[in-house]
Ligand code: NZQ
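Below you'll find only one chain, the form predicted on its own, shown as structure tokens.
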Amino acid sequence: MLNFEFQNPTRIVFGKDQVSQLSRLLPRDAKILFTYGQGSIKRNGVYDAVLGALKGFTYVEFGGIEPNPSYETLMKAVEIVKKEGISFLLAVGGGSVIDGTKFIAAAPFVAGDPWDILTGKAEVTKALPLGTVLTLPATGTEMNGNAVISRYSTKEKLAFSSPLVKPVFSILDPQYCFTLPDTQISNGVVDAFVHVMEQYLTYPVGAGVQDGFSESLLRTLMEVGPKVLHNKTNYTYAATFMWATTMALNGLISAGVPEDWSTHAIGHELTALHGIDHAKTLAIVLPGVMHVMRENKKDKLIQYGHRVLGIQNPSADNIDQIIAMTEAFFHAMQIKTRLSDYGVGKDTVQIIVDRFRQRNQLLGERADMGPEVIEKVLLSRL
């Protein structure tokens, strides 16, 4: 196990009707920007519940944050922050709303173009505090400092990370899963599953606790995913789903271990170019990474095959079976896994490969996935 330091200050308030705790958690003297998406919270009652909790507080609303939060929209919110003297942000929604609000929190303090924190040209040195009410389990953003932002004008989708944008608190009510469309349940389960795989499917470093926790999360998601998809109003299933997605990316299972994230980096390009849902891009790319990088990941692939998939005495000869079983799980979650399923062809593969070449960007836990390897991964998914 490698050296590490773990710190996560986010306060989690989990359970039924916990939005009632919002008035207790918010700072009384703050001027709040209440952010949300494109209207679903107004249809499922969450909006009214939040407004009830905000009585007596000074706040401004900002709605309309997209499923892939756009730099262009978020910069309008940044202007409101500056103009209104906002001192606290409240994000109510799924990963996109929360990610976008993290950008809003950091952007006012960036000298120059705030997009620079996405390209790595600038660091986050200061941010407004924020809290969240999670309505869609998937990304784990409610308990981490990560965010992914799109710039529609240039068809880019990039990520940034800073402990300064970790939520101060997050309210998680599994009842909010009851009204989610099937596709959002499917996406949430697969997104969390691949989050775990990116931190687990690398190479052994003697991290038995992290491996065991990761394997438990993978098994849990594979078990509860189909159940919650077909019985969304079962509170136990919904609670298990919501808690697993939060645990999948809050820093615990990545402490002291190597991480990959190549599937995400490649997947972001598919979303940027074609608007494919984030989780669906992960389901396309991960089997390709497993296939092309099978030698580097052999030990952990075999371990995953035994401990998660239940294959008795697996070996390198079982890797194709392991990949097929993983892909079958995605299919069980009603997600297609080939580029051709989304009308994507070789022309897109070339654009993506060229982008990584221009950035001189290497992916993978060993930084050994260059443009040629990325091309092989994508071509294997046509």
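In case it trips you up, residue 1 is the first one in the sequence shown, and so on. Since this is a predicted model, take the numbers as computed values, not measurements.
Below, we refer to the form predicted in complex with the named molecule, which is not included among the displayed structures.
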The named molecule in the predicted complex reached by all of Gly37, Ala138 and Asp191, non-hydrogen atom within 4.5 Å: yes
To verify the annotation, which of these, Asn68, Asn318, Thr348, Gln334, has a non-hydrogen atom within 4.5 Å of the named molecule in the predicted complex? Asn68
Looking at Lys280, Lys166, Lys297, His268, which is the one with a non-hydrogen atom within 4.5 Å of the named molecule in the predicted complex? His268
Although the partner isn't part of this model, could you tell me whether Ser96 comes within 4.5 Å of the named molecule in the predicted complex, counting any heavy atom of the residue? yes
So in the predicted complex, does any heavy atom of Val124 sit within 4.5 Å of the named molecule? no
Is there a heavy atom of Pro181 no more than 4.5 Å from a heavy atom of the named molecule in the predicted complex? yes
Looking in the predicted complex, any heavy atom of Asn146 within 4.5 Å of the named molecule? yes
Only one of 77-85, 305-313, 221-229, 147-155 has residues with a heavy atom within 4.5 Å of the named molecule in the predicted complex, and that stretch is 147-155
